[in-house]
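Just the one chain here, laid out as structure tokens, in the form predicted alone.
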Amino acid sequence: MINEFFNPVKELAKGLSIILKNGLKNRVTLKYPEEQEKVRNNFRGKIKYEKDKCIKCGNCIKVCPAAGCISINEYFSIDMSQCIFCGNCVEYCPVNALSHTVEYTLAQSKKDNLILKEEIYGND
């Protein structure tokens, strides 16, 4: 009966000692977002579209495994919420109109803000 009382107290003390021991150590994580991790040059981040280079061939749409992610009509648009960052669109663009950037913080408050849309015809 005494063990039934002391076992939980003993486990609680053990847990608190672990928390205190680890709580007093120096931080090893980055202080995100103030300090962002540097990425390699071949990092597949946010897609960049250069409309001056684009010939509207549609290769990017054909090779994209995420159906409906890329569309070309009066606008070129990429839905970054569906993109799996595979790089097929960049790889198969014959004129290098698409490229990956090193930007990886894409969090938005609204899903619609993740759709990158640029008018194909007309001025910027």
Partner chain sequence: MNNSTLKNTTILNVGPQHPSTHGVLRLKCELNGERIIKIEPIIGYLHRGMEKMAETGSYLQYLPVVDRIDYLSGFFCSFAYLDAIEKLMDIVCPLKALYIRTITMELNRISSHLLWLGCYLMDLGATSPFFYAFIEREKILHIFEKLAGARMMYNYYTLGGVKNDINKELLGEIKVFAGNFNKQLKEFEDLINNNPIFISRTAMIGVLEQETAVNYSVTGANLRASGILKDLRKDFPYLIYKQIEFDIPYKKSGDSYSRYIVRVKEMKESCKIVNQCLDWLYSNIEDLKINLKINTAKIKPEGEAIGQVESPRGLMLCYICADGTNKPSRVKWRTPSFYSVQLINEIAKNYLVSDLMSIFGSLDVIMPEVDR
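Under this definition, the rigid core comprises the largest set of C-alpha atoms superposing within 1.5 Å between the forms. Computed from a predicted model, the values in this text were never measured in an experiment. Positions refer to the first chain, counted from 1.
In what follows, reference is made to the form predicted in complex with the partner chain, a form of this protein that is not presented.
Using a 4.5 Å cutoff between non-hydrogen atoms, Glu91 counts as a contact of the partner chain in the predicted bound form. Though the partner is left out of this view, Glu11 does reach within 4.5 Å of the partner chain in the predicted bound form, counting heavy atoms only. Heavy atoms of Asn22 reach within 4.5 Å of the partner chain in the predicted bound form, making it an interface residue. In the predicted bound form, Lys62 approaches the partner chain with a heavy atom inside 4.5 Å. Once both forms are overlaid on the rigid core, the distance between the two CA positions of Glu103 between the shown form and the other one is under 2 angstroms. The Cα shift for Glu11 between the shown form and the other one, taken after rigid core superposition, is 2 angstroms or larger.
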